[in-house]
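Encoded as C-alpha cells, the following chain is the form predicted on its own, with no partner shown.
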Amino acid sequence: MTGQYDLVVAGGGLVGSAFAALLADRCPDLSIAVVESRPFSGHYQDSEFDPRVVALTETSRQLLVQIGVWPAIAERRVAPYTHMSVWDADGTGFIEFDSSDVGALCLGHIVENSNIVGALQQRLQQLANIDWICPAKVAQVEQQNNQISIELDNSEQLSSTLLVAADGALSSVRDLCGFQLDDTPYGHSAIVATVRCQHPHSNTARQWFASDGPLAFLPLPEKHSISFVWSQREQKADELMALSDEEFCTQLTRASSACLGTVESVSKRFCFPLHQRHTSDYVQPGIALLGDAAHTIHPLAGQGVNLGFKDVIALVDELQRASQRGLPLGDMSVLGRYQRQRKPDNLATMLAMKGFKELFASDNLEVRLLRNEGMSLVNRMGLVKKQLVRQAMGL
C-alpha cells in the first residue's frame, strides 16, 4: 500500500496528536498521516489514576481549547491547583505562590497523560484530512527530489513533502535521519506513582529541593490523592524501588516532612533514568523534530510537555503561513523560522533546570546559606513573585 500526503507525523502521543489536530484544523486542505506504534485505546481508563501526569500551563491549556478537546478532558479528571509551595529541604528557604497574586483562578492544571492522549486521539478520528495509521512505526526514510519516502514496519509505503518526528525521547526518525544528539545522563532516576495521604492536599502543588534530588507532590482530583515525582541518584532509586509498599510510604512520609500527614498507600511504582538531550538542529530539508524528539529536560519543574506544546504552536504557525503562500512545507526557509523561534527558549529552560539541579545538589555551607537567603528574599518580593508566577503559567 502506498499513500501520498502533504505531511506525515511520526508519533501520536501528546505532542504529535496535538500538532496534527491543530494543523488539520488550521489547514483543512492539507492531507496528513499520523503514524503511531501503540494501538489506539479508543476510550479513557477511569478506574484508577494514571501515574504519569502533566502540569499544564495556561498556555498549554489554551492550546487544547483551540484544538477543541479541553471540554472532554475537563469532564473526565483534572485538578486545578491554586497554590504552590517550594522548600529547600536541607535548609530554611521557602517560597509560596498563589494564583491570586496575578488575579488568576488557578496556577495550572494537573492532568493524567492518558486523559489528554485519549481526547486528542479521539479528535484525530473526527478530522477528515487525517489518516490514522496504527499500530505502525517508521522503519526507513529516504529523501529524493523534495519528497520524503517513508517505509513503515508493516511494509506500507508513504510519501510526503514533510516528515515531522514527534516520536519521543528515543526517536527512531531522529536517528534514521542522522540528527546530531547530545545525550547527557543526569545520574538520577525518577520514581513516579500515586499515593493517598492522611490530610487533604488543598489544591496545592508542593516541591522540595534536596541535595540528593527533588520531590514533587502534585494534587489530583480526589482530595487525599497526589501524584509524586521523586528524583534520586540511581543507586538510591533502586533501593527505594526494592522496598515494600509500607516501607516506601514511610520513606516518602519522611522525605515530605509529613506535610500531608502519613502517606497511607501507594500505587504501582515506575522508575526511569533521567537524561538531558538536545539535538544540534531541529530541522533539515523535509524533516522537523518536535518535543522530546528534539529536547528532554529534568522533570523538576514539569516543563517537558509544555515546551513540546510551544514547539507545536510555533511549527503550526509557520506551516500555516507557508501553506497560505504556496511554499513547500519542507523547505528550509519555512522550517528554519521554526527552529529560530524555539531553540533559544528550549536551551534557556534546559540551562535553568541544570542550574537549579546543581545549586541544590551542593553541600557547600556558603552555597546553602546563599540559596536559603535568596529564596526567603524572593518570597518577600511581590513584583518578582508575580513575574515568576506568570512565567510558570506560560504567560
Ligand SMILES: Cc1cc2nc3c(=O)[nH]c(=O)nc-3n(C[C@H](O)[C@H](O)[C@H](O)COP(=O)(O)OP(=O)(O)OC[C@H]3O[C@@H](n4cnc5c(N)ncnc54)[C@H](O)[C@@H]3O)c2cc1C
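Residues carry their position along the shown sequence, with the first being 1. Not measured: the values here are computed from a predicted model.
The form predicted in complex with the named molecule exists for this protein as well; it is not shown, and the discussion that follows is about that form.
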- Message: Only one of 134-142, 259-267, 154-162, 69-77 has heavy atoms within 4.5 Å of the named molecule in the predicted bound form; I'd like to know which.
- Response: 134-142
- in the predicted bound form, V53 touching the named molecule (heavy atom, 4.5 Å): yes
- Task: Determine whether any heavy atom of P299 comes within 4.5 Å of a heavy atom of the named molecule in the predicted bound form, and answer yes or no.
- Result: yes
- Message: Please tell me whether any heavy atom belonging to A190 falls inside 4.5 Å of a heavy atom of the named molecule, as the geometry stands in the predicted bound form.
- Response: yes
- Task: Would you check, heavy atoms only and a 4.5 Å threshold, whether A21 touches the named molecule in the predicted bound form?
- Result: no
- Assert contact residue (the named molecule, in the predicted bound form, non-hydrogen atom within 4.5 Å, options G168, G286, P219, G118) equals G168
- Tell me, out of Q303, T194, Q232, S114, which residue has a non-hydrogen atom within 4.5 angstroms of the named molecule in the predicted bound form. Q303
- Looking at the named molecule in the predicted bound form, do all three of L14, V35 and S172 come within 4.5 Å of it through at least one heavy atom? yes
